[in-house]
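To begin, one chain is listed below as structure tokens, in the form predicted on its own.
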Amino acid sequence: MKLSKIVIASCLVLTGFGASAQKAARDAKMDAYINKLMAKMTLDEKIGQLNLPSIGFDVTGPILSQGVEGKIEKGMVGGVFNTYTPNAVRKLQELAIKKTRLKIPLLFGYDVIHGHRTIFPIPLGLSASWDMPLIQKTARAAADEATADGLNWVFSPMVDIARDPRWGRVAEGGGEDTWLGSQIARAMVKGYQGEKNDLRREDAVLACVKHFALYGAAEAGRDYNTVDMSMRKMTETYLPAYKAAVDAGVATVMSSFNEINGVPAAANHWLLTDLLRNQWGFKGMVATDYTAIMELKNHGMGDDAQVAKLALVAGNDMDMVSDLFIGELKKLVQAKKLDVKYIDLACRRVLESKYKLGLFDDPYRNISEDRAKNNIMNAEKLALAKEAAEKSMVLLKNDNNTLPLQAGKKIAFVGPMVKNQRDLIGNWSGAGDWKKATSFWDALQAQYPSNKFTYAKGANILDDQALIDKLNPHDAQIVLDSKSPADMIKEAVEKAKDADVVVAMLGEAFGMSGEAASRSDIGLPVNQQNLLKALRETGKPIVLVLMNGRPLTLQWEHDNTAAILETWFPGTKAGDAIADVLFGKYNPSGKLSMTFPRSVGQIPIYYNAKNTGRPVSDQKYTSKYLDIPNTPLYPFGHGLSYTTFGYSDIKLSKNTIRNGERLQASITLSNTGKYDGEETVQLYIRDMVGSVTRPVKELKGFRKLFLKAGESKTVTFNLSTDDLKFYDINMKYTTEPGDFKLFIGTSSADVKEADFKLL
């Protein structure tokens, strides 16, 4: 396909001749080993390395691979996924090592998305921490557990920029912003693979950035749907986070389901070869998503043989579950319809991945029950899970200092999430055991044994049986309470009347977000809304605690509750973390990484939109709605604290800069409240005039600071002219002289501003 060339800026850091020479020596040694191995391989054995079937504990599509063990013995499998635990992995690896002619070890992959056994908050929640060291630690902990459980490849991070909360997979990513998403991508790759990408470490895994590319822009927010966008939008907004992962050294890439410029990603040579490999310099392995090659037929790309050839030539190295590489490639070669060089190249990349992991030296990578026992869900990881949950929570509203709660008060805890365990670890919780998650009620009783707390369920998570049947969670169906909805609400209202404050814990079931979980209505389920409205009639102050995997529409809830705490799906230590935040043992510090709309009618809505020729004003003929404001309910970067922070005016080191110079921008941040707390100070810029239109704001930096009550600190940002670059009218990544605005504040919508000029 002919597309104008994209140039994505990259930073290639040379660490000196010595390091370069060492790398060259390692690469030469690897090449020699693999050349010798491939010289012994038959065509069937090479094609076998490209096959990635599913066998084991989970399935994310309509097909579970059949006869996998027999195929392993015949050398027809390069790796498997959905198999873990030392015993299960060892069993399959032994088939490859003991039964096959060349004894080539297998890869073992799994969807380790936000923890393996110890489950951390969903990625959207983690991104709300704006804490890159913390995010990296969670990935590092997940890699340690995964390798202890026999895995060496994780299908993470998902870095799809997403601006439509109807799409359920927003739960898996870092939100709407390109710059923040790129920082998260780097942090997770380093966490999984280690700071130096030393994949031979026993606690390192191959990371797999996904879904390449643009998957987060599915039309109508409907999973697996078409994506169509301009070259400019994909270059400026959607591609940089994948590029950041590549620059960080990510070992593998997963091609996405959607089409790009009319060609599905799994068959897109421009995407997987011209861009990813030739322009970005990616040297690793590419795997398809689940049955993606088979699905090329539904896209209208041809029959089995045609789509197998298209996918291989495009640049895919492993076929996940479709079995079309092993079914079709040999016949294509024999019919002289496919050059064997494409099979050789893909096979080499698979073998290189195994070599880099050290599997040819140790196929079992020190797999042992003892390591699993010592490394999985140990005290250190559980403490990290609690810390991550606390730092991910976002205080959306807090009128009259309703929060934190006072333990001596009479508090009624109401809602289907109060005693819930299953939904705490959320979607894509993989090998996590929800039975080991700490419920909020259990944590509450343990922390406050002498209390005046009461409980009523108040409502089921859902009453809609048709929707319940569609969710079909793998290991826990929603069970409706034996009481009628009216009786549950009546009981809850009676408890509320006798309380000083009501805490309503509501939200989504875990299956209502994630893959194949798009929603056209992203409000609370109707039965939960009915409960909340009945509680409102009591006149008691209501604290709404949310668990969900996406931004929700909460206009009524915002208008009729005293406080709202967004906890997402917090993970294994959910109960303890929520209790600590509600009662003030931890002061919430999370900031939204994705905008909350007032209505689905505003979608897509994101902070860094562009101005129009008729920006919103009181005049009729301007870009606005008749029935609601343009503004979101909660903007990107929003998040309150139990304390208050004051921002001074911005001080600039100079008002004009030239290319290559730096600009310092400083503010004084003061904790003006009664609680110690952490604040995320955010820096945005706006290019006022350009050869192409520019967004009204662009995030370019942030600082997280902890301040004691009454303390002040100066925060200084160093802005370089590289931060001012963009793709100009000719798609050249450059700066243009002119006027800029610089913003510093507590959210994208609450900032101080200053002006400067680039000469």
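Residues carry their position along the shown sequence, with the first being 1. Please read all numbers here as calculations on a predicted model, not as lab measurements.
The form predicted together with ligand NOJ is left out here; the points below concern that form.
The single contact residue among M254, I542, A496, A265, judged by any heavy atom lying within 4.5 Å of ligand NOJ in the predicted bound form, is M254. K210 is the sole member of K210, K386, R550, K354 with a non-hydrogen atom lying within 4.5 angstroms of ligand NOJ in the predicted bound form. With a 4.5 Å cutoff on heavy atoms, D149 does not count as touching ligand NOJ in the predicted bound form; it lies far away.
At the 4.5 Å threshold, heavy atoms of A139 stay clear of ligand NOJ in the predicted bound form, well away from it. Proximity of R169 to ligand NOJ in the predicted bound form falls within the 4.5 Å heavy atom cutoff. In the predicted bound form, at least one heavy atom of E515 sits within 4.5 Å of a heavy atom of ligand NOJ. Partner proximity in the predicted bound form, defined as non-hydrogen atoms within 4.5 angstroms of ligand NOJ, places exactly one of 283-291, 229-237, 447-455, 415-423 at the interface: 283-291.
Contact residues in stretch 427-442 (any heavy atom within 4.5 Å of ligand NOJ, taken in the predicted bound form) are limited to W428.
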